[in-house]
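Here we start with a single chain on its own, the form predicted on its own, put down as structure tokens.
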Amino acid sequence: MNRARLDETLADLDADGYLLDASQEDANQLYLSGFTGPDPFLTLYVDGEVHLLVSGLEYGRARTESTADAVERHADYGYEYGGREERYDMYADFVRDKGVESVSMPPRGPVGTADALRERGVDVAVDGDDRLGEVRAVKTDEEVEAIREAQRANEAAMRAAEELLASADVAGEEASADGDADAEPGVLLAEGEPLTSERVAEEIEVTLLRHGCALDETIVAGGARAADPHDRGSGPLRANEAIIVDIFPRSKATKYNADMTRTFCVGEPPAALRERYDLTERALSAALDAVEPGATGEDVHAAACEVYEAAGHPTFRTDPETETGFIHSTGHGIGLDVHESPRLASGGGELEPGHVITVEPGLYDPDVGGVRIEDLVVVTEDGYENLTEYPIAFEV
């Protein structure tokens, strides 16, 4: 946690304190408390100190593991297994015990908690600016290192996926393995069976687990499916088509995320697909060249868009309703959330040293396929450092 930045950002709150009611799955909660509580608990920031209120079950672990200045348990307020109203009474007592009569809560905080505190005389304001999210956006050196380690695991998983694709046979070719008689010509084969998106995703997930990371799902999408940026992919993969592999794992130890995309083609890509891949490499290079402190996310996005627009491809800048072309932003921040501030998009704000961002231009058309290339970089005092070491190559 960047404690100095936290104190500075929350110093001018129009409230006595900042309150969170969430589990570790909420990145702001995990950041402020430093505690991996699987069930919702309260964290209160007031006068430069962080206070936790947890159940008796979690009390010992919270005292040992959290980064809070003080940890209390429900029993300290005469509550352990009471009903909802009694729980809310405890919340109000906990807040007032710290001299707090008004709190700010994030936009996605529980409405029930906010309303219950108001009913008990505690003023609650909504933090529409998501101040904690802005604090989290600028990473410390330790946070950057945690993301770098997650990216190394990501690269091991990408390597496993690429090797599986590269070792595949192609149904209908003389070099195909035995057992492909029933496979449609052009389908990739692994050990004589169709190589599917699901099989490649399985290899990715197993590799990540061996490197201390995990993810709920990944993207391995080929052909027309690759033309939908968030299609997870399914079914057999084919030669001579684009296969987008987008992996965004989370470290099981640090809880920080990584993100990377590569597009592969087994065999010879059609000319139109090759052209789009080369353009996307150029768009990536242009966007990276625009990354520096003081530049805006809009500047970086514009640099990528200009490459595509000059080649005659639509973007959301030229046609907000287009369903083909460059149909998403150029990137996003990454940290305890896989998508967080800042945004590399129209309206994206100023970049600062410590921002860790993805840079991921792409082109999409169901008649041709989809192409996306994504690197992960940290903004530095004089430009950026690319945290991605994995090579960029299309044909495998």
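Residue positions are given as counts along the sequence shown, with the first one as 1. What you see is a predicted model; the values in this text were computed from it and never measured.
There is also a form predicted in complex with another copy of the chain; it is not shown, and the following applies to it.
Novice: Please determine, with the chain shown alone, which of 217-225, 261-269, 158-166, 274-282 has non-hydrogen atoms within 4.5 Å of another copy of the chain in the model of the complex.
Specialist: Contact-bearing stretch, as computed: 217-225.
Novice: Identify, from the list Arg96, Arg120, Lys252, Arg148, the residue with a heavy atom within 4.5 Å of another copy of the chain in the model of the complex.
Specialist: Spelling it out, the residue with a heavy atom inside the cut-off is Lys252.
Novice: Here the chain is shown alone; which of Asp182, Glu323, Asp141, Asp289 has a heavy atom within 4.5 Å of another copy of the chain in the model of the complex?
Specialist: The residue in contact is Glu323.
Novice: Is His51 part of the interface with another copy of the chain in the model of the complex - any heavy atom within 4.5 Å?
Specialist: Because no heavy atom of His51 falls inside 4.5 Å of another copy of the chain in the model of the complex, the answer is no.
Novice: Applying a 4.5 Å heavy atom distance criterion, does Thr380 contact another copy of the chain in the model of the complex?
Specialist: No.
Novice: Answer yes if any heavy atom of Gly34 is within 4.5 Å of a heavy atom of another copy of the chain in the model of the complex; otherwise answer no.
Specialist: Taking the distances in the model of the complex, the answer for Gly34 is no, it never comes within 4.5 Å of another copy of the chain.
Novice: Taking another copy of the chain as it sits in the model of the complex, is Glu58 near enough to touch it, meaning that at least one heavy atom pair lies within 4.5 angstroms?
Specialist: Because a heavy atom of Glu58 falls inside 4.5 Å of another copy of the chain in the model of the complex, the answer is yes.
Novice: Taking another copy of the chain in the model of the complex, which residues along 219-240 bring a heavy atom to within 4.5 Å of it?
Specialist: Heavy-atom contacts within 4.5 Å come from Arg225, Asp228, Pro229, His230, Asp231, Arg232.
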